[in-house]
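Take a look at this single chain in structure tokens; it is the form predicted on its own.
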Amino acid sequence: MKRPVSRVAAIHDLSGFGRSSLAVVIPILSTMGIQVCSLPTAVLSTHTGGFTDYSFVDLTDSMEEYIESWYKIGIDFDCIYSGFLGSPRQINIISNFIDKFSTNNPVVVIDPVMGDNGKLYQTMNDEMVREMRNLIRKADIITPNFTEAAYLLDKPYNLQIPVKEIKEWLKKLTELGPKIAIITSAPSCDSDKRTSVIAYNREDDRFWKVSCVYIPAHYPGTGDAFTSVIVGSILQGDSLPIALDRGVQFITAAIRASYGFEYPNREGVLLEKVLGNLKMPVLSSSYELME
């Protein structure tokens, strides 16, 4: 029997304050008509993007029992969506989770959250990078930012990289296992005022690109929000380029809606002001099919 709505297993941490991880995954996917089943990896008082004095509860020791409970009652999923993972043990647990819940062939989306601006986050190290390379072998879609793509491929972080080389990176990422690789925050050699999302689909050997004006502001959680829109869009039946377009348009609208207000950027974008955009049809598309 077909489910009335699609169901996603969302594997992320949960922050009580700040718009990132499950705090954005749940409202975005729920607004898009997707049931979210949360598998929290940790609970924090605030997210770590700009906050330092926060409480942290590691849920690694309870994750396997949590997963086994789902398995015993026969829950299955249309998509398994993994974000920030805090240790090699968590990566191993999620790898086993994907195997255990793969009987109905869910779409596996992995956002390999490891770093930004050319550097790994403080909680990451070379072992985590190696384990993440193993995990993405089980993915259908991965969404690394430019920094994370460089680490996954052991390539230098070079903002002057030509588009031709980014396309080579995308192909190499899919050779690691995923059918689709999406690199966010891809630099533009011909302009420092634009940034791009570039994707490659190994099954039809096509590249897609969506560009937008670079807004000089940093908000934690935008990567989580972007990938969540991709997940919701794909489960709604959209094509890859339309999903990319919706993701970029949503994040751009969220940043623009937030940029004019005076409040601490570390709280994240004002998601509440733009959630309604997700219910609107795609009125115009800016994606490009790359040669």
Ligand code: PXL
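Residues carry their position along the shown sequence, with the first being 1. All values reported here derive from a predicted model rather than from experimental measurement.
Omitted here: the form predicted in complex with the named molecule. The next part is about that form.
Screening 48, 258, 233, 249 for any heavy atom within 4.5 Å of the named molecule in the predicted complex leaves a single hit, 48. Though the named molecule is absent from this view, in the predicted complex it lies within 4.5 Å of a heavy atom of just one residue from 106, 178, 221, 187, which is 221. Highlighted residues 143, 227 and 229: none comes within 4.5 Å of the named molecule in the predicted complex, counting any heavy atom. Only one of 249 to 257, 233 to 241, 65 to 73, 39 to 47 lies within 4.5 Å of the named molecule in the predicted complex by heavy atoms, and it is 39 to 47. By the criterion of a heavy atom within 4.5 Å, residue 182 is excluded from the residues contacting the named molecule in the predicted complex. In the predicted complex, none of the heavy atoms of residue 157 sits within 4.5 Å of a heavy atom of the named molecule. Not displayed here, the named molecule is kept clear of residue 77 by more than 4.5 Å at the level of heavy atoms in the predicted complex. In the predicted complex, the named molecule sits beyond 4.5 Å of every heavy atom of residue 207. Taking the named molecule as positioned in the predicted complex, the only residue of 115 to 154 that brings a heavy atom within 4.5 Å of it is 121.
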